[in-house]
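As structure tokens, one chain now follows by itself in the form predicted alone.
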């Protein structure tokens, strides 16, 4: 009896084809509530470092003096803690994934200030 059920499963798997999706070639479907990656509105950020302190993996680095915010994408576990604790709500979850890569990817965002000096006016 068990040989018959095993042979049925064997034949079904032989003729079915692959069960997985080849991700970089064929994009995975994203749904409305998919946690993809962290995005930032750098112009709204006050560089308070609350997201850096709350990150359980230490993927986020904030430098207030240089007005820069960076995240190591492969260390981020998409837990959403940083977006919950942000006082200005400039962090958000995007509905797309980080592209596959061979090494660690660190995205850095620097706040640009376009101020004119009094001598240029």
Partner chain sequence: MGNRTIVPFGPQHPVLPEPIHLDLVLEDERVVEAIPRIGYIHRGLEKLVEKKDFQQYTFVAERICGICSFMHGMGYCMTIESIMQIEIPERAKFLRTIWAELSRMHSHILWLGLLADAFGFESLFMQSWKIREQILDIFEETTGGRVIFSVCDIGGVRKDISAETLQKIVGILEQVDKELKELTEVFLKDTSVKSRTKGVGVLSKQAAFDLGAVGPMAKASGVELDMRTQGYAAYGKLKFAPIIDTKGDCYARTKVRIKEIFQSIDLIKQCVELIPEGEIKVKVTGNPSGEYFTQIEQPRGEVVYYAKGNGSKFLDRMRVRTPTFANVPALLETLKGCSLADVPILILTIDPCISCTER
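Only a predicted model underlies this, so the values are computations on that prediction, with no experimental measurement involved. Residue numbers count along the first chain shown, from 1. So that the term is clear: the rigid core is the largest set of C-alpha atoms that superpose within 1.5 Å between two forms.
Note that the form predicted together with its partner chain isn't included here; everything after this is about it.
At 4.5 Å between heavy atoms, is residue 106 in contact with its partner chain in the predicted bound form? No, residue 106 sits far enough from its partner chain in the predicted bound form that none of its heavy atoms falls within 4.5 Å.
Indicate whether its partner chain has at least one heavy atom within 4.5 Å of a heavy atom of residue 102 in the predicted bound form. So residue 102 does not count as contacting its partner chain.
Is it the case that residue 55, even though its partner is missing from this view, gets within 4.5 Å of its partner chain in the predicted bound form, heavy atoms only? Taking the distances in the predicted bound form, the answer for residue 55 is yes, it comes within 4.5 Å of its partner chain.
So in the predicted bound form, does any heavy atom of residue 33 sit within 4.5 Å of its partner chain? Close contact exists here: in the predicted bound form, residue 33 approaches its partner chain to within 4.5 Å, heavy atoms only.
How about residue 17 - superposed on the rigid core, does its CA move between this form and the one not shown by 2 Å or more? True for residue 17: a C-alpha shift of 2 Å or more.
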